[in-house]
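Here we start with a single chain on its own, the form predicted alone, put down as structure tokens.
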Amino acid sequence: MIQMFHVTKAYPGDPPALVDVNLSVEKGEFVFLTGPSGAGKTTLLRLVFCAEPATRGQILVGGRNVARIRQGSIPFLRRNMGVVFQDFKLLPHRTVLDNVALSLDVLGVPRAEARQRANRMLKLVGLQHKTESLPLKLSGGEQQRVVIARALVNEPALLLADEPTGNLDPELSQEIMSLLQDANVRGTTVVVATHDLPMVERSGKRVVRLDRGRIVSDAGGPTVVRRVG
């Protein structure tokens, strides 16, 4: 699903955000990215999402080389991705239902079908009673569930989540992770960047740790641990 070969990302005047990263995420995997602030987790997700290009190296997403992809082809590539942003990026003057249905509208799904699918997804995340609410009327946990519903409504092959449980209490964090794990069980490949180490340790999932832009360890579940470098 994702292959990165000797990927480096540098910004003028700053130390490299990523340095010679080699990473493979198989279809159907659930992978955590961990490491301190500034380790490169968000940058790695942004490169996969084509928010910006790598400085060096090759990245394949679903078999497509994103380093060579034309700007006009990026929206097509993203049709098979769902993204959960740290700052939600919900449209404040649109209802919860409209926010979730937005990605389907962009894909040209008929309005009635888009609303029906959005309603089903909101029911799945426990917010069927909030469809006509505006995002700012919701709690932080409810807003995060709306973001996840929006990311999953088009049944993406790949879900990228950047600190999806940031600033949430442990109970809400577990609810959010359960939603992501359910999506993974349904076949979506999930990559989550997080600082929440206790949650990661409980999960038993593969953990890729970054430090100063480099992958320093890759633990494939509870028994397989591989040091890198």
Partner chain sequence: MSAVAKAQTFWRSAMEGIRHQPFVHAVSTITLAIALFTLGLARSAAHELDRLVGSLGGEVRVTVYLDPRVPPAARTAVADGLRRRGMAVEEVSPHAALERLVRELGPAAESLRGLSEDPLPPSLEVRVPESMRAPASLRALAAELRGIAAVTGVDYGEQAVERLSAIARAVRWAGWVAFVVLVGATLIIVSATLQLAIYARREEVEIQKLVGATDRFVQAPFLLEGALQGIAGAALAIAGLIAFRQTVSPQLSTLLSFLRLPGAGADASPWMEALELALAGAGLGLAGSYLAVHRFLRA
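This one's a predicted model, so the numbers in the text were calculated from it and none came from an experiment. Numbering follows the first chain given and starts at 1.
Form predicted together with its partner chain: not shown, discussed below.
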- Message: So if I measure heavy atom distances to its partner chain in the predicted complex, which of the stretches 118-126, 155-163, 136-144, 96-104 falls within 4.5 Å?
- Response: 96-104
- Message: So in the predicted complex, is its partner chain close enough to Ile148 to count as touching (4.5 Å, heavy atoms)?
- Response: no
- Message: Given that its partner chain is not shown alongside this chain, does Lys130 nevertheless sit within 4.5 Å of it in the predicted complex, heavy atom to heavy atom?
- Response: no
- Message: Could you pull out the residues of 111-133 that have any heavy atom within 4.5 Å of its partner chain in the predicted complex?
- Response: Arg111
